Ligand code: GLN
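The data below hold one chain only, encoded as structure tokens and taken in the form predicted alone.
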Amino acid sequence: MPSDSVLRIVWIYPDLLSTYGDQGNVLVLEQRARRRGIDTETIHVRSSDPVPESGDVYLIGGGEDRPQILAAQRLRKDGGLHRAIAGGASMLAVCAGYQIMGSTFGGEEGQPVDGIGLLDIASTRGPARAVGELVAEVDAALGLPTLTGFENHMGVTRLGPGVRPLSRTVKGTGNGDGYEGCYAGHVVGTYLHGPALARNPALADLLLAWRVGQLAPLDDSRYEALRQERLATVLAD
């Protein structure tokens, strides 16, 4: 837990990368922390601002090609995110934000663009756009239930030995190799929108627990019933 008992949530570059309701991930973290009596402070870091190193949970969303390239350039130059993660912060990177975390990703014409090298991944443009519901079974080491969300991207992401697949794809495309997302240390990358944490509150709790420690349980029975109903509908299609 942070020494001053305030959990700092850092939302990176909402002016560049915030598509498909990804800012909802911020709201879910705030809510689930506060329901446990944990005070939160949310910092919205615009692309003209330095990334603070004192955050506890960092979030970055998806976006279009040009904003993605600009975000990567600025994050590389800034360096604050690397230092925050090295200091023990946790992070969720979604879609374009996920690709940026790697060594390279595909630009507007498919040309390789340098990422920030936070994760051992490399992304390129795939042959067709992946659009629709995505369901994936999580790596057992993380102890999370089935992930659900939707994807809308043309990325193909190859994982290096420095990361583990976040989940195995049951429905949808994900990374393009039978797996969806990846994780290393306290950093999670995924193609899931929805927003991801609203549709997968256990993933939100994992990000919190990595920073806060053991969490008090919450009664999520109503939300879980809706989640299971949606999963059953998606898998039946």
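Remember, predicted model here, so these are calculated numbers, not experimental data. All residue numbers refer to positions in the sequence shown, first residue = 1.
Although not depicted, the form predicted in complex with this ligand is the subject of the following passage.
- Proximity of residue 154 to this ligand in the predicted complex: non-hydrogen atoms within 4.5 Å are present.
- Put simply, residue 169 is far from this ligand in the predicted complex: not one heavy atom of it is within 4.5 Å.
- With a 4.5 Å cutoff on heavy atoms, residue 200 does not count as touching this ligand in the predicted complex; it lies far away.
- At the 4.5 Å threshold, heavy atoms of residue 65 reach this ligand in the predicted complex.
- For the marked spot (20, 96 and 193), a heavy atom within 4.5 Å of this ligand in the predicted complex is present in each of the three residues.
- In summary, among the residues 83, 76, 158, 129, the only one with a non-hydrogen atom within 4.5 Å of this ligand in the predicted complex is 129.
- Comparing 159 to 167, 111 to 119, 138 to 146, 88 to 96 against this ligand in the predicted complex, the single stretch with non-hydrogen atoms within 4.5 angstroms of it is 88 to 96.
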